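As structure tokens, one chain now follows by itself in the form predicted alone.
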């Protein structure tokens, strides 16, 4: 009978929800340990997933200058990408890419349209368009700045009009009339959309003869940085970045900076500055063209606008080592010659207007020097083939600009022989430099490795330049779910505890356009009109908004909990991440904290839950309060949650 009763009791207990075990956290704000980095959290921007062209860059037209060309597998039809050529009323014409006497030698291709029988329609359908619908998002009553370069080789007669239209060429705006002469001319107009639609920009030619067209552009009048030479950025995405409170901005890549396969693919910063029509487009490592409408000037301006340290990345004389490389790296002598390009970049950023490259920056609209304290040489490079070239380039930088901190790569993985060899080389040769670590690991790895930086020698500091928790693929992509975000949050508590060592950290990749992506997961998703914030985004935002200047000694007793306590002069931040399946009562004992109410920000939900464009707020931070009296506060941590407490401190 006793055995039967015991078995029944066990079965009943197993049927109950998981038990809630109480947890206790204690901290003394007066007992601080390490001083925290003041540039701990930032952004890494790379034009992957159409983050720039088709995303942050305000340009609505795709392939605006007919330069689209796969670097490794060029085909004639690629020049027409994004455009539709339509004959109406049995017109007869031909559109042929041409290069004779171009608008600019850096962008040698334009479209020559020869019409025998009019009318002829040329339409750009923007990004993410199909044969059945346009992709230029316009809103009723909003204005759009249009420009185009045209030339009449001498035999065209007749009218030319431009308008925003639907896919059937029905007008959605007023028309603008163009009358090009024998030389290249720029024509500009501001359209007002009469409808909200996925539209096209349509050029209608009513005459006969040949017309040359290049550098067509359509941008919302309301955009960020409209005065910049590149034309400006998409306002909602800029504000999304600003809300992350970034302390630095790493750009332009990533693998984009290194280039892939052949040297012509290497990112050359000099191709990205000056008037936008003079910038040389380049085929992206990720399989599409970079217009360079966002170039190095725009990146520096964006960092300045965000209040972030600019952190440019330049290649180290090597193509991307993680890809099939078809051309040899620069020789050591070639590397020394290339080093002058890096010094020119620094002069562009920091030189006064009397210098060659500082003068160009001034001409572009920024007479005062930009701030520049960091420079990364190389991205995901390793072995002596890299370190020998890094030594040459970093020594050149330090000799001319000793105030700049050089950043050396430690490779693309977290563990194994490769990073071990990298660290041996770095500690023996470049111990004073900042070390760029990259790793993308399964979510649980981040939980198992929260002690990673506890074990590092304090002799050389770390820049965690790229990281993200990777969940198993579902539906063709790795999801940005709550669990991955919480694993990252748990790891970030350890980063903060070690922020004397880890000076900088940023999630990657930053952005992805829905339907046009190459890599997942990503911090921010967007489409033509909307921005979708992920649980991972909210974790980054919450942590960046509550960075202390010192770590506080603390203890935490409890299961599946991760924490850190930091402080400023007048605030105490307590961050607690729960990976428990059930809620957890928590007692906080905080010596000397005045009676009152702490502000709380909390992110919680179902473990595998994601946000979606149809349900963008499934997981979002919720604010609240927590009362403290006599140095003690009581609360309940939800299952699968991150909670940040902000307690006022007596001054």
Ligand code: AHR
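Everything quoted here is computed from the prediction, not taken from an experiment. Positions refer to the first chain, counted from 1.
Beyond what is shown, the protein has a form predicted in complex with this ligand; the following relates to that form.
Asks: Picking from 611-619, 26-34, 45-53, 580-588, which part of the chain touches this ligand in the predicted bound form when contact means heavy atoms within 4.5 Å?
Replies: Among the listed stretches, the partner-contacting one is 45-53.
Asks: Which one of 310, 509, 232, 259 is close to this ligand in the predicted bound form, taking close to mean a heavy atom within 4.5 Å?
Replies: Filtering the options by heavy-atom distance leaves 509.
Asks: Would you mind picking the one in 357, 453, 519, 430 that has a heavy atom within 4.5 Å of this ligand in the predicted bound form?
Replies: By the 4.5 Å criterion, the partner-contacting residue is 519.
Asks: State yes or no: in the predicted bound form, is some non-hydrogen atom of residue 255 no more than 4.5 angstroms from a non-hydrogen atom of this ligand?
Replies: Answer yes; at least one heavy atom of residue 255 falls within 4.5 Å of this ligand in the predicted bound form.
Asks: Decide whether residue 379 counts as a contact residue for this ligand in the predicted bound form under a heavy atom distance cut-off of 4.5 Å.
Replies: Because a heavy atom of residue 379 falls inside 4.5 Å of this ligand in the predicted bound form, the answer is yes.
Asks: Contact with this ligand in the predicted bound form for residue 338, defined as at least one heavy atom pair within 4.5 Å: yes or no?
Replies: Flag for residue 338 set to no.
Asks: Going by a heavy atom distance of 4.5 Å, is residue 438 a contact of this ligand in the predicted bound form?
Replies: It does: once this ligand is placed as it appears in the predicted bound form, residue 438 has a heavy atom within 4.5 Å of it.
Asks: Hey, which residues along 224-251 are within 4.5 angstroms of this ligand in the predicted bound form, non-hydrogen atoms only?
Replies: Nothing in this stretch is in contact.
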